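Let's start with one chain on its own, the form predicted alone, as structure tokens.
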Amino acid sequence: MLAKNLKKLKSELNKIKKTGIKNIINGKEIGATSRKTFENHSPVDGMKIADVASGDARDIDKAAKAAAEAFKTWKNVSHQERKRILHAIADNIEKYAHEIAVCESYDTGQPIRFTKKAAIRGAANFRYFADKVIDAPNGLSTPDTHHVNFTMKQPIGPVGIITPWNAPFMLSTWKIAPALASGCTVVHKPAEFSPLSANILAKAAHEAGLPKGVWNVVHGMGETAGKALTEHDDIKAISFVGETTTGSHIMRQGAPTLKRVHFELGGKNPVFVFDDADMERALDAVVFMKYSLNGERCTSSSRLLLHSKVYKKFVDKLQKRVANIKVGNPLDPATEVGPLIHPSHQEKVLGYAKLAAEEGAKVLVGGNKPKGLDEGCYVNPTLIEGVKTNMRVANEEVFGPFLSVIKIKDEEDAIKIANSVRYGLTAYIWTKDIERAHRIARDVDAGMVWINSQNVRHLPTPFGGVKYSGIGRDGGEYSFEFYMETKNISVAYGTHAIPKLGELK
């Protein structure tokens, strides 16, 4: 299977290198107006993948104007036709699933065991929202004595979507599918560290019959292309997934044009394991939710809040499991953790292991580079204990295969520790005490809580966080709330009194 994946990757890279990665504006692939490019390198081996168009404010302006023009017709496309196109996009995603998986794996370092699933999940996102198209404009009926009132939802207009580098393909579909289903047009600015799959996705959409200008892609740096997108007057809303500080910058930049914003930001998520939990299932979930996707996921359970009665036994098992995680080439189906996205991020994660030791915590596993994997951005899965709430490693998002273990005495202690950080995205609770589970779910600062489960997404449910973890919710009707405006229409029965002013006597 590795040989097959490498062969497919070589074929795709040969095609990409000939043309480079360009912007897609009004249905056409074009270079940046400045003719500038930047190099994209793989975290797997440091090799150059391609030259990427380095868009700036001029390219964003072209894309935004194309989206604004296309919005005039796309917003009025029948729900039957919009549904057909979105299903056709899903068909093409499935058609190109292997291409998407190998390119995404080489571009991001994510193991192909996950990027394969992400490609199929991307198709599922489009199918789900394709089937929701007919419901998108639905509102409420609120009759009064003399009037009938009803609401309808209408697309807000051209929107900017800025996606991160950790799971770029799946998260792009998650944002763009509901935007298109709503009747919005899109300018997509992918992360500069992982630009590869954005064009594959947009091309698949145009091949499916999406009208030109409805979906535009502009590559570039956040400080130039990203900033211009958040400031452009034609862009009515910004949906962003990424780091919390960047989110605050986007909110500031969009304020003069009163941009609506949706942010999915950082997390420092707790996983509670109490002494009455199913220990084997909890162990599986703890390992999976921290070390899958290289630990580069906002919903990862990065703080294990472990009850003192089961602490030693659980940590002993956990230590063995973490030490046994297979690190290697992400295109190898046997690999469980691949390289991190970029050398700078590799050094950041390694730096936290060093910091943990300096702060008085103990590194049980990892904290260093794997032997024999000198090329690429590899980091051994890391496990630390002896963590206190005042330590930086207990409060800052590491965003890598890095788990901190914190001993808890009881439920009250657990909640206090869990809520001591500025983030509030997810929480995971392992206990057989249903009353305790409900109390913690109520009291923990989190937008999403899973009880006796890892993160299992159900598309109709709301996805998002509180505090510094974000603003707004994705998923089902919640996505439409962001991409659409609600209009109230009031119709009189003709029976109500109208006050008279200036009446002639």
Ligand code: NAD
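All values derive from a computational prediction rather than experimental measurement. Don't overthink the numbering: it's just position in the shown sequence, from 1.
The form predicted together with the named molecule exists for this protein as well; it is not shown, and the discussion that follows is about that form.
- Although the partner is absent here, Asp234 sits far enough away that none of its heavy atoms falls within 4.5 Å of the named molecule in the model of the complex.
- At a distance threshold of 4.5 angstroms between non-hydrogen atoms, Lys409 is out of contact with the named molecule in the model of the complex.
- Within this chain, Gly222 lines the site of the named molecule in the model of the complex, having a heavy atom no more than 4.5 Å away.
- Although the partner is absent from this view, Leu283 stays clear of the named molecule in the model of the complex, with no non-hydrogen atom inside 4.5 angstroms.
- Each of Phe240, Gly267 and Glu397 places at least one heavy atom within 4.5 Å of the named molecule in the model of the complex.
- Site annotation in the model of the complex: the residue of Pro195, Pro155, Pro111, Gly226 reaching within 4.5 Å of the named molecule with a heavy atom is Gly226.
- Taking Cys298, Leu318, Val379, Ala356 one by one, only a single residue has any non-hydrogen atom within 4.5 Å of the named molecule in the model of the complex, and it is Cys298.
- Note that among 71-79, 142-150, 429-437, 249-257, the stretch whose heavy atoms approach the named molecule to within 4.5 Å in the model of the complex is 249-257.
- Contact residues in stretch 176-193 (any heavy atom within 4.5 Å of the named molecule, taken in the model of the complex) are Lys189, Pro190, Ala191, Glu192.
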